[in-house]
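As structure tokens, one chain now follows by itself in the form predicted on its own.
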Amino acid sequence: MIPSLPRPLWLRTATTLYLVAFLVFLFLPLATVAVFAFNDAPYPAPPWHGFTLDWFLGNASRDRTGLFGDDELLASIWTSFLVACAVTALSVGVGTANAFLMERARFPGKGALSALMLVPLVLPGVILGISILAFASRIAEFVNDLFGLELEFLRPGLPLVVLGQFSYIAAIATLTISARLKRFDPTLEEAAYNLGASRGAVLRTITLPYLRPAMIGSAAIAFLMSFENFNTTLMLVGADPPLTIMMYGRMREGATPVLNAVSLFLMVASALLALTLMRKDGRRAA
């Protein structure tokens, strides 16, 4: 059908119904969680019992601990933030180096290496976490038996969580940055070299500024993927649980609207992060 021609009534109706159904499916669960974070009831589900801020601020007279007074939840959010920052820095740094390796270097086995790099993306998170835990534990036991040294960072804990998440998030960063680098015009670098610029100056003033949008996008994706990761983290976590593990434990004990409050807090934070990145991209385009 030619796009400029008017569409039949049934097609327009079907398109509208499909769009409405899709948006309801996408946003109704989020809206439900957000609304019942303010429900004056000890459970995070209908019916509505009235508006309250107890699940955010707490209420000692009603024996309610809100999100901002729950030290364990706040500590888990901080732990997730630290892990996500570490994973983001490692993923973007290694992903940028990998992008240059895959797009600029020529060496035997490059195709096989590219394929192997994608393996962590297709493995279930639980399997990936168990494999990393078993491998790290074997190394720790070997070093302990041979040299009498205890390598704590190879035991379940935050360093191993960072390593586990990095093992597959770095591949996503590599693909994102490689796609941007593939479209780069190398004659810009050649012109700079002809004018006497050094390799460091060209990288700093031409190549990396061109890659900056992809690097920022990769950082945002890496941060969010790390923050919400559960399967891999569950296998590697130690005494300091990130937020997803803490929420899982709370759900097993019995859900309260505090978990709805946490979810709403994360939705707002994610939306603000997305809007900030979109605003920066808009300014750059202008």
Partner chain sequence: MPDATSGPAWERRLLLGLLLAPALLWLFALIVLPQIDLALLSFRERVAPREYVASLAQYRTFFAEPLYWHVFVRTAVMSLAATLATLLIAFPVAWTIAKLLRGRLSALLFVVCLIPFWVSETVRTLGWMILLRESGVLPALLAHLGVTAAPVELLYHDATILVGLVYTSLLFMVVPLVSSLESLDNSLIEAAYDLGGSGWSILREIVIPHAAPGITAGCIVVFMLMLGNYLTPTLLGGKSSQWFTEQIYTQFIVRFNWEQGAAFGFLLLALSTSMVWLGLKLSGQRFGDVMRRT
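Definition used throughout: the rigid core is the maximal C-alpha set that superposes within 1.5 Å between two forms. Residue numbers count along the first chain shown, from 1. What you see is a predicted model; the values in this text were computed from it and never measured.
One more form of this protein should be noted, the form predicted together with its partner chain, which is absent from this view; the next part is about it.
Colleague: Identify which of P46, P42, G69, G238 has a heavy atom within 4.5 Å of its partner chain in the predicted bound form; exactly one of them does.
Modeller: By the 4.5 Å criterion, the partner-contacting residue is P46.
Colleague: Only one of V143, A75, L188, I127 has a non-hydrogen atom within 4.5 angstroms of its partner chain in the predicted bound form; which is it?
Modeller: Result of the distance check: I127.
Colleague: May I ask you to check whether I177 falls inside a 4.5 Å heavy atom distance of its partner chain in the predicted bound form?
Modeller: The answer is no: I177 has no heavy atom within 4.5 Å of its partner chain.
Colleague: When the contact criterion is heavy atoms within 4.5 Å, does A170 count as touching its partner chain in the predicted bound form?
Modeller: A170: yes, in contact with its partner chain in the predicted bound form.
Colleague: I'd like to know whether F223 contacts its partner chain in the predicted bound form, with contact meaning heavy atoms within 4.5 angstroms.
Modeller: Contact with its partner chain, no.
Colleague: With heavy atoms only and a cut-off of 4.5 Å, decide whether A219 touches its partner chain in the predicted bound form.
Modeller: No, A219 stays farther than 4.5 Å from its partner chain in the predicted bound form.
Colleague: What residues of 123-145, in sequence order, lie within 4.5 Å of its partner chain in the predicted bound form by heavy atom?
Modeller: Residues within 4.5 Å: L123, P124, V126, I127, L128, I130, S131, I132, L133, A134, F135, S137, R138, E141, D145.
Colleague: Would you say M267 moves its Cα by 2 Å or more between the shown form and the other one, aligning on the core?
Modeller: After core superposition, the displacement of the M267 C-alpha between the shown form and the other one stays below 2 Å, so no.
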